[in-house]
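One chain follows as structure tokens, the form predicted on its own.
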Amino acid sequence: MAEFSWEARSPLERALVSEPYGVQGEAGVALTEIRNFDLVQVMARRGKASEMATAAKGHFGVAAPETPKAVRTADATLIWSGPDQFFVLSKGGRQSVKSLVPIFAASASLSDQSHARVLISISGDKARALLAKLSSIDLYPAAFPVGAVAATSMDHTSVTLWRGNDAPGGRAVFNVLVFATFAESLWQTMLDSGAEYGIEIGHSEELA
């Protein structure tokens, strides 16, 4: 019998080249793919939204988001993804589907999205300018503060967009979750849109 091995690869493996792109000089945008994360979607069963919220509060120590926002916990980020549902984003398997099943067994359905989505972090002085070319969301601080979330589209591609904690120096950091099958196309669109600002390209194991 033939033996098979499974090696997880990034959907951006071919497209991501870690070198400057566009205008040379100090980069105005940093595009970073975040790799090797756990992403679980938690969806309340019919009539069980209250029970799901109680279970989430008991497990994470904070209330799960009921409006478009992201909430940080000690080892995860809870990201609103629609009415009565949210994502659990984490590292190291501490909040995997397997670990969450006992918590939500009576109130919610779980879906492992770890390999179905690509996570891209966008930062730099021109991050908002790049995103303004791709989305109609108002991303200025008064309208889109740290923790704000939007289920929106970029270049006709559905994404979940949220603002993470600011980088050193106060620069805004935006995070985009996109389906893996559309990730390479959106990545190339981001490169083309940000070329005039200069782009620093990379990948990281650290959540923004």
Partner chain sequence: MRITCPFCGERELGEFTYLGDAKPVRPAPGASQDEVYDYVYLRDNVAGAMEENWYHGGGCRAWLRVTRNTLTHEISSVEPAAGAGARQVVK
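Please read all numbers here as calculations on a predicted model, not as lab measurements. Numbering follows the first chain given and starts at 1.
Here the subject shifts to the form predicted together with its partner chain, a form of this protein not shown in this document.
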With a 4.5 Å heavy atom cut-off, would you call Asn165 a contact of its partner chain in the predicted complex? no
Is there any non-hydrogen atom of His59 lying within 4.5 Å of its partner chain in the predicted complex? no
Its partner chain contact at Thr152 in the predicted complex, heavy atom, 4.5 Å: yes
Asn175 versus its partner chain, in the predicted complex: is there a non-hydrogen atom within 4.5 Å? no
In the predicted complex, which residues of 155-191 put a heavy atom within 4.5 Å of its partner chain? Ser158
